[in-house]
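Taking the form predicted on its own, here's one chain by itself in C-alpha cells.
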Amino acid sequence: MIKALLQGKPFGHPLHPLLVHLPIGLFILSLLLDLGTLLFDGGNDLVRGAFYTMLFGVIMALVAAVPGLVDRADIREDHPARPTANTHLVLNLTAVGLYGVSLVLRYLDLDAEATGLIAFLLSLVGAAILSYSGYLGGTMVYGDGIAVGRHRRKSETPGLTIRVGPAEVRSGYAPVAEVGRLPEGATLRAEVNGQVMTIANVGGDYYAFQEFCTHRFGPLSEGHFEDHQIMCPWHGSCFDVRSGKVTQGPAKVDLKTYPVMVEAGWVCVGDGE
C-alpha cells in the first residue's frame, strides 16, 4: 500500500513529477535572491530570504526523492533506461549535497548584507546540475516511457525479461515460468525464440501476445486490465487479450497472439513458428 501511495495510484496521477516542481522552483528563487544581494543593495532581508528558500528547497527535494526512488526501483533491470535513471539519481544527490554545503556557509554568515561568493557559486553549480538531471528525467519519460501509466496498474510491473532460447522449445512450446509467478492480473515479459511477448493471467486463464503496442510500441506488459482488455500505458490503446483485436484506438492494427498451455505446473508458450 505504501508503494502504491508513493506511485500515486490512489490519486490517479504519478506523485514524483508533481513534487519535483517545488524544489526546482525554490532553488531558482533562491538563486535569484542571491543575484539581488550581489547586484543590488538588497540588504540582509534578501540574504535571509535566499537562505530559507534554499532550506525549504532541500527539504522538498528530499521529499520528492522518495517517490522518485520507488519509480526507479520499478524500472525493469534490463531496461535500457536504467543507466540513465542511475545517472539521474547521482546528479540529484550531488546537487542536494552542494546545496547542503551552501546552506551551512550561509548559516554561518546569516547576518551578512550579501551572499558569500562560495555559497553563491555552489548554488549556481547546483542549478546547472539539476538542469541536466531534469533533462535526463524528461528523456526517460518522453523517450523511454518510464513510469508512464503505472499509476493505473494494480499489480507489479515485470522486473526483468525472461529469455527462452530455441533449445528450450519442444513440440512448439517453451516453458516460461512456474504458475506461481503469474497470479491473477499479473504479467510477465518474455523473449521466446527471439520474439518479445507479454504473458498475462486474466480471470485465471493465461494469454500471450506481442509485447509492443501497434500504435507507438508502448510496453503492454506494463499496462493494466479491464476485464479481458489490456490498455497500453502510453496512449491508452486497448486490445482483447483473447484475440489480439483492437477495442480502442489510437491503435489500428491488431496484436499477434501466441498459444499458451500449462504443463507440469509451468506456463508454456508457443513460439509462433
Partner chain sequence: MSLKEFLQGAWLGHPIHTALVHIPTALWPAALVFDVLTVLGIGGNPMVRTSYYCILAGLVVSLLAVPTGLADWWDIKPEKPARKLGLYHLGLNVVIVVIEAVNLYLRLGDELEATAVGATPLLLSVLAVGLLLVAGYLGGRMVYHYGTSVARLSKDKWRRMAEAGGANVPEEKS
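If you're wondering where the values come from, they're calculated on a predicted model, not measured in any experiment. Positions refer to the first chain, counted from 1.
Omitted from view is the form predicted in complex with its partner chain, to which the following refers.
Peer 1: Is residue 152 close enough to its partner chain in the predicted bound form to count, meaning some heavy atom within 4.5 Å?
Peer 2: Yes.
Peer 1: Flag residue 33 as yes or no: does it have a non-hydrogen atom within 4.5 angstroms of any non-hydrogen atom of its partner chain in the predicted bound form?
Peer 2: Residue 33: yes, in contact with its partner chain in the predicted bound form.
Peer 1: Would you check, heavy atoms only and a 4.5 Å threshold, whether residue 210 touches its partner chain in the predicted bound form?
Peer 2: Flag for residue 210 set to yes.
Peer 1: Give a yes or no for residue 45: in the predicted bound form, does one of its heavy atoms lie within 4.5 Å of a heavy atom belonging to its partner chain?
Peer 2: Contact with its partner chain, yes.
Peer 1: So if I measure heavy atom distances to its partner chain in the predicted bound form, which of the stretches 169-177, 198-206, 75-83, 88-96 falls within 4.5 Å?
Peer 2: In the other structure, the partner sits against 75-83.
Peer 1: Please tell me whether the candidate spot formed by 157, 225 and 245 is one where all three residues come within 4.5 Å of its partner chain in the predicted bound form (heavy atoms).
Peer 2: Not a single residue of the candidate spot has a heavy atom within 4.5 Å of its partner chain in the predicted bound form.
Peer 1: To verify the annotation, which of these, 112, 141, 105, 121, has a non-hydrogen atom within 4.5 Å of its partner chain in the predicted bound form?
Peer 2: Flagged contact: 141.
Peer 1: Out of 129, 164, 186, 148, which one falls within 4.5 Å of its partner chain in the predicted bound form, going by heavy atoms?
Peer 2: Selected option: 148.
Peer 1: Could you list the residues in 1-39 that come within 4.5 Å of its partner chain in the predicted bound form, counting only heavy atoms and keeping sequence order?
Peer 2: Residues within 4.5 Å: 11, 12, 13, 14, 17, 20, 21, 22, 24, 25, 26, 28, 29, 33.
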